[in-house]
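What follows is one chain in structure tokens, specifically the form predicted alone.
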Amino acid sequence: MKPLVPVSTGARIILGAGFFVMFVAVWGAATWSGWVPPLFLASPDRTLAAGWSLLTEFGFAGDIAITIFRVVGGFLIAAAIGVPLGLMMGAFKPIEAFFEPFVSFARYLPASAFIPLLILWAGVGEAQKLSVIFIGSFFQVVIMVALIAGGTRMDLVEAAYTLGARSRGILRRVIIPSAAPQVMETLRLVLGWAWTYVIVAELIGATSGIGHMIMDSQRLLDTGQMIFGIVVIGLIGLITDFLFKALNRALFPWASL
């Protein structure tokens, strides 16, 4: 191995899958040997059996769908407002000076701390859960996109001015294309954080969703169902991660040059 030397696609797949195999093997050894009691950690086969029961008998597919809707809905609202604002803050310093102090203050506020207030204001319906995800994602998107846009190479900006571009053209033809690949990477990371917020939102006052199922399973001391719910979240996150990377490569091929 050499620092920063990339590996082939095949080697990356083998190494990544190898860790999953090793993880499941250690998990199975700890549970099948009796070293960890089933009350505290279900074995892999019991987890799969619990998951199959959830999907075939208890309508867990509906819980998965409603959780995905909440994550995607709150995240898209945050991105639709946060990305343009972040680009404007990065491109125009007066706008940055106006918004940046409050955004920097707000991004340190934990979204979970707003849940009691949001329940009071919006009840326990979908608006409350979407609001938790929005609060948790919006300020992170704004500040990260502003940093990306503000880091645009000045030689590209000066070359555009030399060619007669105006401020609007600089933003549209230089800053946005330069920042777009990194903005997509930022959205990929923030979407992962959004999953943590939705589970927190579903732990309180929810009647559906993966988080609600996990809480019900905790009351029944069914660690198999709890672990299966956690694994489902991880699998969905992994799939969306790959989709974001593929979309980034397809939309912005110049980023790899």
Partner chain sequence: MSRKTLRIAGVTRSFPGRGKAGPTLALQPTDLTVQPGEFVAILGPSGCGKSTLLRIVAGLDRPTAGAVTLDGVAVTAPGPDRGMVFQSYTLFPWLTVAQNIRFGLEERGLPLAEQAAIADRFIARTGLRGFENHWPRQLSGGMQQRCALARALANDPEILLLDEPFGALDHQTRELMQELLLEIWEADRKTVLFVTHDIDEAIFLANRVVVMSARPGRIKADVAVPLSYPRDWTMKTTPDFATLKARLMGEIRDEVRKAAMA
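Numbering follows the first chain given and starts at 1. Not measured: the values here are computed from a predicted model.
What comes next is about the form predicted together with its partner chain, which does not appear here.
Participant: Tell me, which of Trp121, Phe98, Phe105, Tyr161 has a heavy atom within 4.5 angstroms of its partner chain in the predicted bound form?
Facilitator: Contact residue from the list: Tyr161.
Participant: Counting non-hydrogen atoms within 4.5 angstroms of its partner chain in the predicted bound form, say which of Gly125, Gly151, Pro116, Gly169 makes the cut.
Facilitator: Result of the distance check: Gly169.
Participant: For the chain shown here without its partner, which stretch in 138 to 146, 105 to 113, 151 to 159, 71 to 79 has non-hydrogen atoms within 4.5 angstroms of its partner chain in the predicted bound form?
Facilitator: Careful reading of the contacts points to 151 to 159.
Participant: Although its partner chain is absent from this view, report whether Val174 comes within 4.5 Å of it in the predicted bound form, heavy atoms only.
Facilitator: Yes, Val174 is a contact residue.
Participant: Would you please decide whether Ala165 lies within 4.5 angstroms of its partner chain in the predicted bound form, comparing each non-hydrogen atom pair?
Facilitator: Ala165: contacts its partner chain in the predicted bound form.
Participant: With heavy atoms only and a cut-off of 4.5 Å, decide whether Gln182 touches its partner chain in the predicted bound form.
Facilitator: Gln182: no contact with its partner chain in the predicted bound form.
Participant: Hey, in the predicted bound form, is Ala255 touching its partner chain, heavy atoms inside 4.5 Å?
Facilitator: Heavy-atom contact with its partner chain at 4.5 Å: present for Ala255.
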